[in-house]
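Presented as structure tokens, the chain that follows is alone, the form predicted alone.
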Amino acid sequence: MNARMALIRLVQGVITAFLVFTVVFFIMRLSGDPTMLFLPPEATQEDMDRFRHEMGWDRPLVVQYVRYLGDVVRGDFGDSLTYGGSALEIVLERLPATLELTALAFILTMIIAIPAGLIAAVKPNAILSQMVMILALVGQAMPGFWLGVMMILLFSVALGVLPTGGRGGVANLVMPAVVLGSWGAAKITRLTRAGMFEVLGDDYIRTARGKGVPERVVLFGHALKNALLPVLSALGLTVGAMLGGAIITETVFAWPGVGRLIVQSVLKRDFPVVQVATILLSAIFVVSNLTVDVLYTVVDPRIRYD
């Protein structure tokens, strides 16, 4: 990918993040007036009107949007209405926990999914291959929150081998990472299997086998590399799905990350925190997709973005 195309993709990503932020801004404010959440029950109408004026909530939505956009351009993301202090600092404090969980879930996904898809493609009629595809189908159909609750009941309540939630040692990461990576692992497994099926039927694979090339070289040196191209295209979306799924996973396992913070802030109508979290997660999603575009040209030099 040349510098011009990289710049174009980056601009497209910034526009996407901006549109996401805009949608969240208006949805949060159209969800209802949060004034009563921050005032005592005995507050008078005059108190409520004064508070709305101080917060700028009595102005038209477009005016609020333009004003907040100007503050963001200057680096001011506002203060949290619930926690006090800078909304940006509060989100950044939670971001490492989310990145830690997402990174481990992504690693587990790749370690499990690609070998599983390879096994399912090489020996499609074997019992192990059929079991892999059944698990992949179940993994894509199973809701993450249900899987999380079932794992807590089994491994924490019944067996007592893993903690129910919270952030601490490696044991605290096991169940959240498995739940968060289950959907992505199932998807990548099926994509790898489909890609291998398509590649193994190509002429150059039959030629390599006809020349007596060892099977492991055929599979790993020729077939797998080309079969991973559709997998690469799905990696960016998989990262985005994990960031979105982290909201549910972190809530189920009381993981102190950005996802859980978003849920708490939405319930408390903490506009600045939700907006900052949206901007950061959108930026991560944009960077991951740009990275995938670059990897495309590395894996297959024949691909060029014109």
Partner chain sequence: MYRRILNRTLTSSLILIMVAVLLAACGQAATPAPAPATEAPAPAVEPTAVPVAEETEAPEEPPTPVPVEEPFEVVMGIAANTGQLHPNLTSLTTDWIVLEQIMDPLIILGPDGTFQPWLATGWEVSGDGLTWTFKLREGVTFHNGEPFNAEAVKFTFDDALSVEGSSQTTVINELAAVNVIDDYTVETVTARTNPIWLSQIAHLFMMPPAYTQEVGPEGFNEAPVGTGAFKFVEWVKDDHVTVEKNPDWWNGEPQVDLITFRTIPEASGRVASLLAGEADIIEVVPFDSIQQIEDREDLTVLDRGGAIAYIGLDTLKDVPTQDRRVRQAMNYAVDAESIAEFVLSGRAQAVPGGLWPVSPGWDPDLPIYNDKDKARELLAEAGYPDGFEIEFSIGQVQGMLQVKEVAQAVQAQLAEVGITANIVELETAAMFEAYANKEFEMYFFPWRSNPEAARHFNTLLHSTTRGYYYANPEEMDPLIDDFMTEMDTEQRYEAGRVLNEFVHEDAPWIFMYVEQEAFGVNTGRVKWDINPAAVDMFFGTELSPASN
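Owing to the predicted nature of the structure, the values given are computational and were not obtained by experimental measurement. Residue numbers count along the first chain shown, from 1.
The discussion below concerns the form predicted together with its partner chain, not included here.
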Discussion item. Given the stretches 256-264, 236-244, 58-66, 276-284, which is the single one in contact with its partner chain in the predicted complex, using a heavy atom cutoff of 4.5 Å?
Written reply: 256-264
Item to complete: Give a yes/no on whether residue 197 approaches its partner chain to within 4.5 Å in the predicted complex, heavy atoms considered.
Response: no
Discussion item. With the partner left out here, check for me: in the predicted complex, does some heavy atom of residue 129 sit within 4.5 Å of its partner chain?
Written reply: no
Worksheet item: For residue 32, is any heavy atom within 4.5 Å of its partner chain in the predicted complex, or not?
Response: yes
Worksheet item: Do residue 163 and its partner chain come within 4.5 Å of each other in the predicted complex, heavy atoms counted?
Response: yes
Worksheet, complete the sentence: None of 215, 202, 71, 93 but one has a heavy atom within 4.5 Å of its partner chain in the predicted complex; the exception is 93
Response to the item:
Assert contact residue (its partner chain, in the predicted complex, non-hydrogen atom within 4.5 Å, options 229, 152, 142, 219) equals 152
Item to complete: Scan 100-115 and note down the residues that get a heavy atom within 4.5 Å of its partner chain in the predicted complex; none is a fine answer too.
Response: 100, 107, 111
